[in-house]
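A single chain, nothing else alongside it, follows as structure tokens in the form predicted alone.
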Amino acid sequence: MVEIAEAKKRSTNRKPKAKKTKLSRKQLTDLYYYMVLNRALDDRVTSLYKQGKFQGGAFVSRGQEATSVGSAYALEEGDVIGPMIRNSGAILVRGVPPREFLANYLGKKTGPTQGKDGNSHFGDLKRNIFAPVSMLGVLIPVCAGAALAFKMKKQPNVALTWIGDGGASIGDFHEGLNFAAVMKLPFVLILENNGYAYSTPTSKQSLVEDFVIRAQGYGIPGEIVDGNDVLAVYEVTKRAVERARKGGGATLIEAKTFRMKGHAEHDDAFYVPKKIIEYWQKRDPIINYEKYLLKEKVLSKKELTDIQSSVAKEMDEAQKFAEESPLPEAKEAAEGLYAS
């Protein structure tokens, strides 16, 4: 089947590189916790959406947790990120609690946008998180600008953002990446190749099989990574971040992964062949990582279960906080808004 063959090309079929990692037991546990928290948050968003408790789109990242969590975990406190709608895992790693996430979806005053936006379109400058922009790719030049500021101020920090395979074909991708390359900025771009640009298969929107070859056109390092392997994602991002921090300039990383749901909850992904979904379900990043943790005796089955139970409790408390939070006052609607 052609689709399966293409899926295999995009999957490295590798298991987490457990024995090579220098991460401590706590760090390995953190990665598991954040991936489980990421999925639990997404599942709760889906549940609230289906109950009609908020309006608008519900964007989740099932299958892509390892890419968000692994890359964000490689950063340090002063670094900045520009997440997309499917990078809630990165936002959690950067310190935004689930309760604020859910409060934002419900349009409550306690959410990061204080009720002005009812989905995942929010940032938090206190935590060095730029808000996503609906026009995909726009955050690439924005984050390159942040990286330029770091360089001019001689600050040892890095700017990191993500883009999908579809967004890699727009002008902002090329302009921003070229600028970061020429200026040798401390900038890392994670290209999440998840097989579909909304409902368009990657093969229908680009003849390029590996987007990472575009790094050559800009004279910067480029690496491909198994986006469903959280340790591999962490390691490749850590290399890029350390290189950038030492003045080595920008890096393009292509993470081969798969979006195991539609573009959003209103999209049932009818256009994706079942065999492709089944193929990627067997490469679930969380289940794959659980097998590694057990095999390497990092965590026991009971410890994995305890983490899952703790996350479930945390999510119940987050939902209670969000639902009981007040809506913003009408007079607050225009506060903090700007027009040009």
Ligand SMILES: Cc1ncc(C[n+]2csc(CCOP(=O)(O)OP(=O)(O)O)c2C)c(N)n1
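Predicted model, so just to flag it, every value in this text is computed and none were measured. Position 1 is the first residue in the sequence shown; the rest follow in order.
Although it is not shown, the form predicted in complex with this ligand is what the next lines describe.
Heavy atoms of I170 reach within 4.5 Å of this ligand in the predicted complex, making it an interface residue.
Looking at P141, you'd find every heavy atom of it more than 4.5 angstroms from this ligand in the predicted complex. Proximity of K256 to this ligand in the predicted complex falls outside the 4.5 Å heavy atom cutoff. Among heavy atoms of Y198, some come within 4.5 Å of this ligand in the predicted complex. Here the chain stands alone, but in the predicted complex its contact with this ligand, taken as any heavy atom within 4.5 Å, falls in 131-139 among 71-79, 131-139, 218-226, 107-115. Site residues R86, G164 and H263 are all in contact with this ligand in the predicted complex, judged by any heavy atom within 4.5 Å.
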